[in-house]
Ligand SMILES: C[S@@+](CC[C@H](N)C(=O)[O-])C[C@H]1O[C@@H](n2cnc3c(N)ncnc32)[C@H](O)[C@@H]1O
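In the form predicted alone, a lone chain appears below as structure tokens.
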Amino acid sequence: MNLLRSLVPPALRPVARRARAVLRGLAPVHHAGPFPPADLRAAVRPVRALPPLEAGRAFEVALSVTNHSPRAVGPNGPCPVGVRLAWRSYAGEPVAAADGFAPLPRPLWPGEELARRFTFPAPAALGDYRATFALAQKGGPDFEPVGPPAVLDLAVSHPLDGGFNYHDIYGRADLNRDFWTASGPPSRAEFERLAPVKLQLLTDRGLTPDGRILDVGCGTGLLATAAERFLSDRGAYFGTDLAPEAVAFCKGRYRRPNFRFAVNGMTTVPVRGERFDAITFFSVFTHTYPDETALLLAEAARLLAPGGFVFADAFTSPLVQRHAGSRYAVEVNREALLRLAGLSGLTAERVVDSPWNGPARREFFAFRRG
């Protein structure tokens, strides 16, 4: 091939290349069945890194593909050739996400390089993934890679990034007409049903009617509703929330003298000189990022009475290296979460869990001093 190219005068080489392209376009490249695996070689190279992907949505990746095989390959026939995408976890373990396949846009001849954008679906589950791209035949073998494997570390985030604002939820709510939806339950009946369920999780850990509760993220009083019926006059309830509207509503609704409410910061709790037997973060760590969660756990450790416990839920996923998602729903690596608790001197007991999204779970933990 190099000898033939040397016989063409330099001035005529662009014309020769165009003529070759025309002839190749007329030549059929049709794959009716799988190739034998011998002599199938190709180089695939990512052209640039990608920003976080949106879960379940299609994305484009720019790839350079070079055919090092002695045969032409293309997208036509029952067994087309294209780029296969294989998903693995950040640790290299198999995942439930289906592999992707994108056919070549045109035939690729021996020694020819093609630079194009290929489209694949992102996994539905949030996480930190390792994506490997290789030339392959649909229904046939993968090509042996020439050079380093084409691997990209890709973060898959939540499709509702930026669409959740806690202050806006309370700013738009009419709490005199509907106080339950802002706290999560879709109906007043569900609000009333969940109130004793939350309290039971605490009494099972040893909370008594004389206990002192700090409810961080109290909302419109889901736990306060149950605590109002449960606590004795020697007990105490202190609810805090980011939304001033929620705090104002609770002050007007729960009027027992041993009930108090205040606005807290994102990572601070406005309490000094007191200790609590039960400190709760219901549906709080599901919306905070790890650094914020660590600071809130430190606040809890500061305010925890001897023998007391911290109760919290979080979305955990084996696909997440540290965290993924947005304020709408933050998924974390469980071991990383437990290490953050350990930095505050707390050890964790998993109490209960339930399905969340794909391999992610909603886990409830009781934290105590180690």
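The first residue of the shown sequence is 1; numbering continues from there. Worth saying up front: this structure is predicted, and the values here are computed from it rather than measured.
In what follows, reference is made to the form predicted in complex with the named molecule, a form of this protein that is not presented.
- Residue-level contacts in the predicted complex: of Phe143, Tyr170, Phe118, Phe276, one residue has a heavy atom within 4.5 Å of the named molecule, and it is Tyr170.
- Interface residue among Leu214, Val81, Val156, Leu222 relative to the named molecule in the predicted complex, by the heavy atom within 4.5 Å criterion: Leu222.
- Partner proximity in the predicted complex, defined as non-hydrogen atoms within 4.5 angstroms of the named molecule, places exactly one of 91 to 99, 250 to 258, 72 to 80, 264 to 272 at the interface: 264 to 272.
- Interface residue remark: Thr288 is counted as part of the site for the named molecule in the predicted complex, having a heavy atom within 4.5 Å.
- The named molecule in the predicted complex comes within 4.5 Å of no heavy atom belonging to Leu126.
- The named molecule is not shown here, and in the predicted complex it never comes within 4.5 Å of any heavy atom of Phe133.
- For Cys218, a non-hydrogen atom is located within 4.5 Å of the named molecule in the predicted complex, even though that partner is not displayed.
- Candidate site formed by Val65, Arg106 and Ala150: none of these residues places a non-hydrogen atom within 4.5 angstroms of the named molecule in the predicted complex.
- Within 4.5 angstroms of the named molecule in the predicted complex, the stretch 108 to 134 places no non-hydrogen atom at all.
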